[in-house]
Each structure stands twice: as C-alpha cells, then as structure tokens.
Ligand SMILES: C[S@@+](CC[C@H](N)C(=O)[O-])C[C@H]1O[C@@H](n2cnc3c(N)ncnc32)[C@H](O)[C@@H]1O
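A single chain, nothing else alongside it, follows as structure tokens in the form predicted on its own.
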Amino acid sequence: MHRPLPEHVARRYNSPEGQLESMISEGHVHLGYWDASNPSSSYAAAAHKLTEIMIAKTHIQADQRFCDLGCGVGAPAMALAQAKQCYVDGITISSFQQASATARAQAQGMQGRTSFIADNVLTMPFDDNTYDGGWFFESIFHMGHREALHAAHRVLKPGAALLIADLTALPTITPEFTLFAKDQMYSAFIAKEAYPELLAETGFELLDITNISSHVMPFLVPKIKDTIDTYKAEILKHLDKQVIEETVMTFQYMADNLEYVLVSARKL
C-alpha cells in the first residue's frame, strides 16, 4: 500500500479548503459524533463532542506529557491539556495549522501547557521514550499506518497508552474510492481487522477497538450540507461552487466506503 507524500498532505491543509475546515469545525478538524443526546448538533458541536470522547479515553495524568500526532489547529490538544492539566506537544505537517494552533494557544492562555511545531511525524524531533501518552486523531491515514506506529513507539514511554481515531476500509470499499483517496485525499486506509497484527508488529498491545460508525458516518452528508449553508457567504469568498459540490461528494464517498473506529493500545 502506498504511503501519502508529506508535501501533498501539507499542501492539502495549507490550501483555502484546508483553512476553511478549521473555521467551520471551530478548530476541531475532524468528523463529529452524534447520538441520542445530540441528534440536532451542528457539525462543529459534534466534532467537539468527539474530542470529549477521546479525552475521556486517555489515561494521562496531571503534569504528564502527551503527544498529539497530527494536531490540526490545536483545539483538541488544548481541550485535553485543560481537562487533564497535562502538557501537550502537537505536531502537524501544515505551516498554516501550526501558526493557527500557536495563535489559539496564546489567545486562550494555554501556551504554558501546549506547544506546536510544523514537522513530519515520521521524522519528528522528539527524544525517545519522552511521552506518557499520545494519539493519532484522524491523522494516521495520511502517514502510512506502520510507519506512523513505529514513530509513535519511539517517542512514547514503555507502558504509555496510544489512542487512534481512524477511518477504516469497509469490506465493500471500491478500487475507485481507493484511487480517489490516494490522489485527492492523500490518504491510505486499512481494514480495522488489520489492527491487531499491525500493532503487535510495531510493539504495541491492543487493548480495545470500538466501532462508532453508526454515530458518525450516516450524519456526514446532511451535516456538512447544513454547515455549508451556515457559512456559505464566507465559503464563497474562497471557493467556487464546484469545489463545494466536490466536498459534499467526498463526504458521500467516505460514508459509502469507510467506517470509524477508536483504537486503544499500550506500548510494550
């Protein structure tokens, strides 16, 4: 399976489309979570709820160090640091995201608890055995799973917990979508069934895999349409109607071919 090129991923998130994603998601640049408690929530509010679910799954303690591997514009990292009173180092391949995350931290008085760098996770300049915990929050598919897990294993302390929020391939995934993901999304998706062996190969013990697809995938298209309507005037300043239509198509393509899992593991 191919590994996406980091320069392509960087260009994707530095683009006008990538920059607008951070605005419409209010900094939580990932998909949302909807259940009986929030069926009418906006895309941004549901994205924040998924961040809260991820934070609840961490085992990080006060004043410990955590790495956010593919941190976006930093909202989840800051929410984690605030909730757990830990220190979070975030890394993103995007210079726009790094600058935005740093500005957000300064605006929220979180620069003492968080820091953000623009670099490649696979060659990140963090020392071995540094972190007490970490996560890939909808980022690992941009890096190549095996390579990313090796990189995480290097910087985590023995026994540290790793969380992965991942879009994984349905058994019915089409060759056409796989090619589209490679060429347009700069992503490579694996099946959730590949995780036990992959984690074992890279020095992790699998603790849990939870499939939350029913709370995510059916909502993608209607919620992104609502979001586009809400921000339409601002979006049209940066993108033409064709790009907007292609965005909706991409969400439908994802809903048809992918599922959503939360993976918990421990470094051996």
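Since this is a predicted model, take the numbers as computed values, not measurements. Residue indices: 1-based, along the sequence shown.
The form predicted in complex with this ligand is left out here; the points below concern that form.
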Can you pick the stretch from 214-222, 233-241, 25-33, 201-209 whose heavy atoms fall within 4.5 Å of this ligand in the predicted bound form? 25-33
By the heavy atom within 4.5 Å rule, which residue out of Ile164, Ala105, Ile91, Leu80 makes contact with this ligand in the predicted bound form? Ile91
Considering Gln85, Gln184, Gln111, Asn120, which brings a non-hydrogen atom within 4.5 Å of this ligand in the predicted bound form? Asn120
4.5 Å heavy atom contact, Gln97 and this ligand in the predicted bound form: yes
Using a 4.5 Å heavy atom cut-off, state whether His145 contacts this ligand in the predicted bound form. no
Would Thr168 count as touching this ligand in the predicted bound form under a 4.5 Å heavy atom rule? no
Does any part of Val155 reach within 4.5 Å of this ligand in the predicted bound form? Heavy atoms only, please. no
Can you name the residues of 123-147 that have a heavy atom within 4.5 Å of this ligand in the predicted bound form? Phe137, Glu138, Ser139, His142, Met143
